[in-house]
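Shown next as structure tokens: one chain only, the form predicted alone.
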């Protein structure tokens, strides 16, 4: 198969770029002396995760139990479920543990400790738990100053059915940084806070074997990871326009794109219409607050080379609108009706979410493989 034979819209994955991205971050983590625990939420595919684990053996991170069950069915047993746990999910957590999975849950409240411990006792298992830390005000977690850190730690340690595995934090605000210096500072804030919380627990006589940090920006710019045992990252495998806008990667490193067909021209408006709307590209506008606003995605030719100044400036559910950033005349001769272009995404995870497979290329327009994705919760 070749790209020209595919029905659009569809998701394209460049295997060579994928491998380079994975190798680069693994080498960086090895140099800093920590384990990289790749996040399966971006990939949602075992072929990608096999590549991510080839360089350095270790466990993975997931954001849905569907991912956990899928990866476990393919032989991965060491799994961190890095979303705050809810009571309705305990049956599946216990089911995975009884089948042999070493799955760790995440919590930041006394209430969560209580129902996790109860589920463990009721089912005759011990469920490992990480305390979620808030290092930057991004979302959930316990702050360094909050007495809840020790309260939760002591309760986990005293209750049967649950065990204290350590602490975990995510510097999600790194996505809002305006410079690489800001990302470096955020990486140190993330590290220092997690390490300090681990020290507080240990000084109280509590175990804290895992000190887990991570985001793709901080993983790429951290200069010191002393005291950290593992780094989690996911979008580094593919990268996207938000990461390029942060200076984490180049646009040429982005490994996924959406192949779409030109289905119309609106010459008086300076528009080219495609069959990839927000259902195919997502509504993510993560570059809007960055120096360069990429609209809903950057337009490339069918070979993946960016077309100068062309972005997807608007979307409907199944229609994409391509226009020129500088309102110049569009090169309609290269965007004739029926031709194909590729769109680099703002957010790789959000764009991938609507697709059930990757069409895999390796530096050309030939399809060398088809890799299926797992979706849902």
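As the structure is a prediction and not an experimental result, all values here were calculated from the model. Positions refer to the first chain, counted from 1.
Omitted here: the form predicted together with a further copy of the same chain. The next part is about that form.
Contact check at 4.5 Å (heavy atoms) against a further copy of the same chain in the model of the complex: all three of 4, 319 and 338 pass. Taking 204, 293, 275, 151 one by one, only a single residue has any non-hydrogen atom within 4.5 Å of a further copy of the same chain in the model of the complex, and it is 275.
Proximity to a further copy of the same chain in the model of the complex, defined as a heavy atom within 4.5 Å, singles out one entry of 108, 230, 159, 253, which is 108.
Only one listed stretch (298-306, 80-88, 244-252, 122-130) carries heavy atoms within 4.5 Å of a further copy of the same chain in the model of the complex, and that stretch is 80-88.
For the chain shown alone, residue 35 is not a contact residue for a further copy of the same chain in the model of the complex, no non-hydrogen atom being within 4.5 angstroms. Although the partner is absent here, residue 64 lies within 4.5 Å of a further copy of the same chain in the model of the complex, judged by heavy atoms. Proximity of residue 134 to a further copy of the same chain in the model of the complex: non-hydrogen atoms within 4.5 Å are present.
When a further copy of the same chain is considered in the model of the complex, residue 350 lines it closely, a heavy atom lying within 4.5 Å. Contacts with a further copy of the same chain in the model of the complex, taken as any heavy atom within 4.5 Å, map within 236-272 to 261, 263, 264, 266, 268, 269, 271.
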